[in-house]
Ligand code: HEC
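Here's a solo chain for you in structure tokens, the form predicted on its own.
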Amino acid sequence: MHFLCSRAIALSVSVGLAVLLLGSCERDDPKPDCMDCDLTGIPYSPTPHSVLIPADFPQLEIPADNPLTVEGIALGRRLFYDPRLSADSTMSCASCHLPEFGFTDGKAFSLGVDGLLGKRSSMSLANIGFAYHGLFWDGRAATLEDQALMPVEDPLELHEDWANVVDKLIRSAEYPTWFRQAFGIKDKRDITKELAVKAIAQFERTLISANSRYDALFIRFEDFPTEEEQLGYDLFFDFEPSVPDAECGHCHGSVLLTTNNYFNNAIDSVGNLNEFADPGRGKVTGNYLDNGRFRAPTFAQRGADSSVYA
């Protein structure tokens, strides 16, 4: 009896180990069986896209691993306006970046999908492709691709998990085809968050605002400004010695109306640099001298008399 019991126990342990090993293999397989996941029957022939950039603008830097294509931009636009990127599928990137408000929402503090107030306002995306010195108010993202990753999982913004977003895209009737056309994936399960944010970044690099009334009046000289407009221009840039300087142009200079740098505008009254409720740039750099500094946004707007090249 002792011998038989030992044999039985050994057999049971062996079977258990085999089951565990099989289960482990299944969990490690990132691509479970799929009947309709093959996309190779869909043509992949991306069309290069050249963005129309005004001659007086800086050069638009395009990452070597994310060139602009018609298909990639179209996919990015769809993702930008798709509420499936949020936890309950009610909010999209465009919910806080509205074209009619210069791709902001016009609010001091933006509301997230859970109805909670964010810590800051939504920054304009007009001409955001030229922001080469960090993104967000504090510059914590180095590139548009890095920036696009963060709002999805921020609990005060879209509050979703990228794994869930990718699953929604895989299960979609259209997105696998669009990802195939944009990036040449061969299988639905090749959709990743990295490809999604590459597409969003492509779209955002086309948001070039260069046809506002300001551009028409003071860049292209196509019309005459009103007295108020001319006075505002002189105050803003201190081009008229007889008019006191409003000090705006120091932070909002260049044709983009931003220097893409970080400043303390002295609005907060604090006893020292460590008393800022929101340390801004300082939290990113770890340098207390950067506390209270925030990125100077552009004033470029997309309104009724302006356009965005895309």
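Each residue number is its position in the shown sequence, starting from 1. Quick caveat, the model's predicted, so the values are computed rather than measured.
Below: the form predicted in complex with the named molecule, not depicted.
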Does the named molecule come within 4.5 Å of any heavy atom of F80 in the predicted complex?
yes
With a cut-off of 4.5 Å between heavy atoms, is T285 one of the residues that contacts the named molecule in the predicted complex?
no
Exercise. If you check in the predicted complex, is S124 within 4.5 Å of the named molecule, heavy atoms only?
Worked result: yes
*Consider F276 of the chain shown here, and say whether it contacts the named molecule in the predicted complex, taking contact as heavy atoms within 4.5 Å.*
no
Is it true that S89, E160 and I191 each have at least one non-hydrogen atom within 4.5 Å of the named molecule in the predicted complex? no
Within 4.5 Å of the named molecule in the predicted complex, heavy atom basis, the matching stretch of 223-231, 166-174, 210-218, 135-143 is 135-143
Residues in 92-107 that come within 4.5 Å of the named molecule in the predicted complex by at least one heavy atom, in order, are S92, C93, C96, H97
